[in-house]
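So this first bit is one chain, no partners, the form predicted on its own, shown in structure tokens.
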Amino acid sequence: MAELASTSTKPKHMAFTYLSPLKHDIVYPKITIKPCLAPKSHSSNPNFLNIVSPITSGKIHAATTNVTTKELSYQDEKFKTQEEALPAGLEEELMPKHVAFILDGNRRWAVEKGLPPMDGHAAMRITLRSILPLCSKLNIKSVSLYAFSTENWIRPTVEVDFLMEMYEDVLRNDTKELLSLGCRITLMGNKTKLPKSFQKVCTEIEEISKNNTGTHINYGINYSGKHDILQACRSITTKVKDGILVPNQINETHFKQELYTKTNEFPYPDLVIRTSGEIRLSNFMLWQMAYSELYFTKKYFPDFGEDDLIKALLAFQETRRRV
């Protein structure tokens, strides 16, 4: 397994470990993953990205592959500084401040390949490792991710447990590059139902990154747009009851400060991207999306690449030019 490059003159490598109960190859864009038995001790190696949790199967199959960061990033050499030119066709003054993603199609992506649903979520994680740094390099101020809704608790227990473990590991490990880019990391949603270890990681990453001024990345986990509005109403009602507010003082500004996006400098998404071909909002950021541009693509999120993001941004900018 190749080590991370020790000098800037050599290309950096990232080693991926794909843990899965599979017995056949997976072909992911430009990467062929070949299964083999591997110990869980790989997870202690900081050069590894653990994709699928071993809880999906008692018999773990794993595979490793080396890919350069250049293969996983959108013309990364063009983004050495934020002042450098944007990809062809994009105009800085028309860039959205806030982009929200409805990460849809992970399970269908897996099912169509004859894989268990957890492998679809794992592939989504790989895609996020490419898309989120690109958003930062494009100087998008805020990114919101619909990662786990309140309705997702009805899924099979093994899948829910896997997702909780995966997202906890995402916050522990996948955010390291984002922190190095100056990103701020927060979680929106009701944290009280999350595992205690997950809550602890959320608190830690929010505290560590609270003063960062780069892209604000907001993970929607145990999130519901309806619940967001309801909890804001309850908070305002309590303040009225306690004499902090009077009813005729309540306005949109007050309401905005009670929503889960209250820590976000740009709480309202300019552009909402939904993958998988479904044309609905699915209870995501209902208040905040009142004037958002909506972009739908038939691609499942695991297949949503950096070129697809650029395409969505170009479509957004074309709409802005017509306004």
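For every residue, the number given is its place in the sequence shown, counted from 1. None of the values given here were measured: they were computed from a predicted structure.
The form predicted together with a small molecule is left out here; the points below concern that form.
- A heavy atom within 4.5 Å of the small molecule in the predicted complex is found for one listed residue only; from 225, 189, 116, 105, this is 105.
- Checked against the small molecule in the predicted complex, the residues 134, 143, 95, 128 give one hit for a heavy atom within 4.5 Å, which is 128.
- Among heavy atoms of residue 147, some come within 4.5 Å of the small molecule in the predicted complex.
- Contact annotation: residue 183 falls outside 4.5 Å of the small molecule in the predicted complex, judged by heavy atom distances.
- Shown alone here, residue 171 lies within 4.5 Å of the small molecule in the predicted complex, counting heavy atoms only.
- Using a 4.5 Å cutoff between non-hydrogen atoms, residue 167 counts as a contact of the small molecule in the predicted complex.
- Figure note: of the listed segments 230-238, 208-216, 245-253, 147-155, the one touching the small molecule in the predicted complex, with heavy atoms no more than 4.5 Å away, is 147-155.
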